[in-house]
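Taking the form predicted alone, here's one chain by itself in structure tokens.
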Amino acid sequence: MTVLKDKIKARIASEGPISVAQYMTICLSDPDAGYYTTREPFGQAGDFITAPEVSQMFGELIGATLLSAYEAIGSPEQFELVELGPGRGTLMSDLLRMAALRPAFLNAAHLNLVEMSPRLRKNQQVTLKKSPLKPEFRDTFQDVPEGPVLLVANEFFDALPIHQFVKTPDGWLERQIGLDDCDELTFGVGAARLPEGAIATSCVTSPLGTIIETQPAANAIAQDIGRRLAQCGGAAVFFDYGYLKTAAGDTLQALYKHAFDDVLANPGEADLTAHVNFEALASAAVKGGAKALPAMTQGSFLLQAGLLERAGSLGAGKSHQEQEAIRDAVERLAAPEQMGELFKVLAVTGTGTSFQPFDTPH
């Protein structure tokens, strides 16, 4: 039993069942016992390892990508460099090291880290202490100053709350979390109904019991980014695990000490995420006025961005053990059976102008 589980049970007993979105928000963001507010989730000592923690090559290649985007949008004299959910700051540190190859980029950039957690902000400040740009912290993307934007988000959207709907004889009803006869957390369905017009064609004929997910929080942020890019210019690149086309399925999952866990077992102590619908994310950005470039897998992105060439350069003159570690990192980041296929990449721009590696057929 966790402190947060007791708190959730008391709320349900008093106010009634809660949605999956409400449950995720409480588990991840409760000020006293939420997952991201009370613990260090990253690395071997945490519950998961993100791509920037696997190898410096990931952030460096994103840096090269944003350099290409900077040129594609006309090399503005000033722009807002933004990262959503910067983790420990590792990605941005590696990105800025690569960006140092273009002094004009650094001279024009104002660094914005969108991070609400005071604890993580301190970690990011430590990581970026020797970096060429000093970060300004923002609570939301809307707090980023006006102007052209170059933005990156890695494993940001997957932690935003989702809603789930279950197909029943009475239609698609919202999945909720309540209490069973033993006062334990359990899934059920409520009265909220998903409108027929909101159901993807591919899901209409799904059998009873099928679950579909919606991501209004993620889509709202993507639309805001699209609006800013359309008004002020710029580009954004999103990395996350998810699917390219809308489909039915329950993707809500909990990760606890590097292993999958029961979603209802350890609220506040396990990471809760859901796969990102990249088709919906792109549509939201387009609704905001931006142009979406064709999405691709992370493996395709990294290989086209020069992962193998960077690995060869990084390993030159190194010991056999160090070269093996680099090869292992390449496999983990790009191999289909590891992160290469599960993770997807989407780029959106204000004008539709493409940039490397998104201008390469794939």
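What you are looking at is a predicted structure, and each value in this text was computed from that prediction instead of being measured. A residue's number is simply how far along the shown sequence it sits, counting from 1.
Keep in mind that the form predicted in complex with a small molecule is missing from the display, and what follows is about it.
Q: Would you check, heavy atoms only and a 4.5 Å threshold, whether S206 touches the small molecule in the predicted complex?
A: Because no heavy atom of S206 falls inside 4.5 Å of the small molecule in the predicted complex, the answer is no.
Q: Please tell me whether any heavy atom belonging to A159 falls inside 4.5 Å of a heavy atom of the small molecule, as the geometry stands in the predicted complex.
A: A159: contacts the small molecule in the predicted complex.
Q: With a cut-off of 4.5 Å between heavy atoms, is P86 one of the residues that contacts the small molecule in the predicted complex?
A: Because a heavy atom of P86 falls inside 4.5 Å of the small molecule in the predicted complex, the answer is yes.
Q: Is E80 near the small molecule? Define near as a heavy atom within 4.5 Å, in the predicted complex.
A: E80 lies outside the contact set for the small molecule.
Q: Do all of G242, E341 and F358 end up near the small molecule in the predicted complex, with near meaning a heavy atom within 4.5 Å?
A: Spot residues vs the small molecule: no contact at all.
Q: So the small molecule isn't shown here. In the predicted complex, which residue out of E155, E213, E269, D94 has a non-hydrogen atom within 4.5 Å of it?
A: When the small molecule is considered in the predicted complex, the option within 4.5 Å is E155.
Q: Taking the small molecule in the predicted complex as the reference, which of D139, E196, D262, E184 has a non-hydrogen atom within 4.5 Å?
A: That would be D139.
Q: Which single stretch, out of 159-167, 187-195, 143-151, 286-294, brings residue heavy atoms within 4.5 Å of the small molecule in the predicted complex?
A: Looking at the partner contacts, the answer comes out as 159-167.
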